[in-house]
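Next up, structure tokens for two forms of one chain, structure 1 and then structure 2.
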Structure 1
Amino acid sequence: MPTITQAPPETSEPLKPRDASKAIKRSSIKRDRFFPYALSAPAAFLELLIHIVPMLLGVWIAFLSLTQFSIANWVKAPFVGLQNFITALDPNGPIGSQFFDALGRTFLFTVLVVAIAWSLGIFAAVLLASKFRGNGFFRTLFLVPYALPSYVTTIAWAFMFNQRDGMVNRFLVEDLGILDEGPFWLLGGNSFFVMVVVAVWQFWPFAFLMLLAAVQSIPNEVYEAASLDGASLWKQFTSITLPMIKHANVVLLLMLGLWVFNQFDIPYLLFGPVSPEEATLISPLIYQQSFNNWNFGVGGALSVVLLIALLIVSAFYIRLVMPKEKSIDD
């Protein structure tokens, strides 16, 4: 659009201040109608191409019979109505029971990881909120797990949790002597526990980052007044710090919760494409159904269920937590 790249004739001559503002006003009214659309067009086009179209297609494939036979030319795959949803959600069927198990497990995983990550994050944020020597060093160090690629740290944890010659078993069996034989950490029920440890280690710095900014925004005078009144550190924390960072907490818990709930990388890097049954989360389950069992229809149906669940959870969450913001002190 040539009109955008050229300077408007009104402003190209030297103008007196009053005329100038008039000229801008006139020119911006004329041009502002197209200018924002021209600027947003590439992004809007891409959003359509990589988000909207795939999402609509994702809903569509949930109604198709898509197996390894029909995948190559899936446009011609037969329409099967709600069959994929029935397969995916039948609690007595093999896939349905897997799905409900994975759903419950993913909730437990999310609650555990978010709770521990938040606790570590708020603890570190309170400790580092005031200035002292070495403050900057710890702040940077605590963000390192967040900055490192997740595959680097997850593979390192897998190495440490190795049964035969990993660091963890060496520590438990030889250094502490509390176990006679090192257990297999990456198999069976232990694998869920390992997944929690790795996720907490990777995600808590994010909680720390957000909470530090919130804690630092509390004016010190509030604490001074409270401590003059004889409030203990714990009392100051529960009656000043926590209520005043409520807004940050809402945003953080929502973001971190969704992030952990949708987790794919950590199980994939620890266990490969197929997780142990005791550690299968929702995203990896959809992945397995689609790319290992080549059942894209069922994978698509599970995706649609996940999408709806995510929308409900976030709407419910915001409703549940937001109104309480008014009742700050008790």
Structure 2
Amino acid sequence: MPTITQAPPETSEPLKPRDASKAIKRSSIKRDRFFPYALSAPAAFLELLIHIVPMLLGVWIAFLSLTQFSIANWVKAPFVGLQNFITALDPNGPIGSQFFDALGRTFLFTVLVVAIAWSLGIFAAVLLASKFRGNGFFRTLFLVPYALPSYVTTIAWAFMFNQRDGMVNRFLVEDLGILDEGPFWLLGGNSFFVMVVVAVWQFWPFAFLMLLAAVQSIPNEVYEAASLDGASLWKQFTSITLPMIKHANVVLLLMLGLWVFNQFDIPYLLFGPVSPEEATLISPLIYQQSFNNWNFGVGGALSVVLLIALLIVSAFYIRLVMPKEKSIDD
């Protein structure tokens, strides 16, 4: 009689619906954990390629004797340690004296441009925060310098300040008769004044845009209550407007200060590769040492010094202005 054998019992049981749901949830959480990194990876790679790697190479070049004689094989350029920094910061040397003169001039340039741009921006922002006929037209008009490419406006200003046939000299000499002869605006001491005018023209619309957004966020009820208490417009501005847009001012002044201090486009487009002595700023000086004098090691050292100085000033500024706040958005 044949025997019937039973199949061995299954060792694993099918997943219950609750267990399957937990497994899917764990897989989804694991996938979602790495998904943001996958999205940010291309941007991080480009940031590394465009900014971080060149910055590290610039720091390394600052320790090399990289000149026109060693640029062909710059990897094997002689290592000189801190000699480039000593040359760049020696106040009695030709490069060091130029550096400290340019540093003081750049600081003055930054203070003037930021102060004037902020003053124009806050005035326009407070004026256009209220509703009146033509408000939209003036807002658009004030943003025109910010919308135009900087090189276009700078070249246009260079033509207007031309000594022989520029619009500025024609207006002052022929139309108004204030001057007997048109001065040289792009040479000598006048070149610094021209550089300030062009920089203010380019940067004040950005200050206006940020301050307008900050001023419009202040509730009108605050001004109405202050007006009922008899506060003047100046009192409202100093006691309400400025304190309530403090965080916007912190960011704005820091950004403007860094942009203006590192300014290269305006002097280069106004004066060419070599700026007049009275208008030489830090960034054009680094360019001149690197690409005109073929002294890339000293140019790299000046760049590193500038980077460290800006980091220290920025950290000190943020700490001084916001000593008790952990972040700007708090």
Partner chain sequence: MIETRGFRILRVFGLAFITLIIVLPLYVVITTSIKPLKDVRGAFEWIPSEFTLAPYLDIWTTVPLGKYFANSMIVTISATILSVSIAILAAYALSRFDFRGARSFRLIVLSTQMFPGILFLLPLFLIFTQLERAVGLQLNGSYLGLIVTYMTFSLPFSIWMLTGFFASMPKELEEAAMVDGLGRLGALVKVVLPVARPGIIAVSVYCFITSWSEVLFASVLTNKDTRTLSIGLQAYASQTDVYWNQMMAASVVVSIPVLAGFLFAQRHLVAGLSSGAVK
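Everything quoted here is computed from the prediction, not taken from an experiment. Between two forms, the rigid core is defined as the largest C-alpha subset superposing within 1.5 Å. Along the sequence of structure 1, residues get numbers from 1 upward.
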field: Which of the two shown structures is the form predicted alone
entry: 2
task: Compare the position of the CA of residue 174 between the two structures after a rigid core fit and state whether the shift reaches 2 Å.
output: yes
task: Please say whether, between the two structures, the C-alpha of residue 292 moves by 2 Å or more once the core is aligned.
output: no
- request: With both forms fitted on the core, give yes or no for whether the Cα of residue 273 moves by 2 angstroms or more between the two structures.
  value: no
Per-residue Cα shift, residue 41, between the two structures [Å; core superposed]: 2.5
